[in-house]
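The chain below stands alone and is given in structure tokens; this is the form predicted alone.
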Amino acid sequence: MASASRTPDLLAAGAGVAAAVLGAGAGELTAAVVAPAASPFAVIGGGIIDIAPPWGKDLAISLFGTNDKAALLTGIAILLLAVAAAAGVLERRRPPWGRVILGGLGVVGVIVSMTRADADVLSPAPSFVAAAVAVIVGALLIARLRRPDAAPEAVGPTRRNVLVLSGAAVVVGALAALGSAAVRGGAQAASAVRSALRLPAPAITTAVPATAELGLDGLAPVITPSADFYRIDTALVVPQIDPATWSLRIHGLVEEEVVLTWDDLVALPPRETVATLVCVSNEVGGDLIGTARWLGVPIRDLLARAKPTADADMVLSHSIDGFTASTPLEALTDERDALLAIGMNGEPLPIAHGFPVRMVVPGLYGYVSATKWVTELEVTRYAVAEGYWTSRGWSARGPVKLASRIDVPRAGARVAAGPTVIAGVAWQTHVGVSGVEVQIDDGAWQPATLATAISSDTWVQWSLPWDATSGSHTIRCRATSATGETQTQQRAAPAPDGATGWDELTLTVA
């Protein structure tokens, strides 16, 4: 009897889930057709990212790394299904409150979509469609379970009908979601344009010495392949920008506002530089760091056209997706190769890394400098404006801290006794590294051999030969900067201005 009494609630929960899946699929398909950036999942996910505290961002990255966005979308989907199931039960027991909940989810999506930086008149449409479909389908399915005039002999067929119809709704919703992906794929003109794009030849290049690469198995290559380069940003839906429609506006505390089109930018003499970028969320020993060849135009040359006023001290860069970064003006006007980049490792920027144009600024963590899909440089002051993450409690200027990492051998590895090698990378971009030391089992610090550094704006590989003896061993490393600073042992979390501490690992020698 207890099982029979629970059956209507289980069917109602399933009907609520089915309605939500069909609504979500319809909303995603609508977004693909009329407003790709306003996908209901992306809108809600973007809103969560916007309101997340710094510790939430750090937790997500520490748990999921560069898969943090996939984890967020998965979490949103699970929460949506749970709420939809509860709404189904509530609709059966106390109508119309189930419909109110399903509709309320859509209202939230509509409101958030209208507040996004890239919102337009069609942005609310996907969330509105999702809500309308979910409410209507949920009401129709659950109404069949509440028919007071149904004869006892009709209860079984009615429940089977609801089960079948719910299953059909799930299938149609899933197909709609797949269809939205297909429509987006066909509509991504930026990908086709990027594939056909030919970059201008650099007027100035940075040589990579053959001795910059130690060539050891397991050691991070000195130039990171684009496909392996870390990606941390706030865009759940990667912006698709046709260079023909792109422009950059330089404004604010300037004597002359400047607007550049893509043709204007590529007509300027580009330079190629090699620079290491690192995320402020990188933990000690972490892999949210990479080095690439970047092709672009010095930002200082563009700012010189605009003539910043004497009281300006910061440039607030704007991405097309609403992200902003607050970069010290001096970091964009000094001798470093701070670029408005159009190329990465000999090809146009990958779309996920900012195509067609992004910023690359050596010496600063990405959250205050590496704006992707950049469309504005607003010259301003720290006293009157804040970037996306600085407004959420992170440090305003974000200089990269001295750090080093052990790549070989891996933590927990089993190593054969006898001659082997310990190796890794060290960096303090725009300062440089003069040495790395290694400590084994609390013994004396031993100087490692450095590879040839490409420049002070890149990491450098290092290695140390080791005659490994049997047993368990703990290995640590620390770097010394070009200015004589020794990497601190004191452990600090990434927030608010970057992690510190020595990287160490424990392994077993057989």
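Don't overthink the numbering: it's just position in the shown sequence, from 1. These numbers come from a predicted model, not from an experiment.
Below, we turn to the form predicted in complex with a small molecule, even though it does not appear here.
Although the partner is absent from this view, Q439 stays clear of the small molecule in the predicted complex, with no non-hydrogen atom inside 4.5 angstroms.
Put simply, D337 is far from the small molecule in the predicted complex: not one heavy atom of it is within 4.5 Å. When contacts are judged by a 4.5 Å heavy atom cut-off, Y367 counts as touching the small molecule in the predicted complex. Looking at W246, you'd find every heavy atom of it more than 4.5 angstroms from the small molecule in the predicted complex.
Only one of F128, Y230, W262, Y382 lies close to the small molecule in the predicted complex, with a heavy atom inside 4.5 Å, and it is Y230. Contact with the small molecule in the predicted complex, defined as any heavy atom within 4.5 Å, is confined among 321-329, 268-276, 88-96, 159-167 to 321-329.
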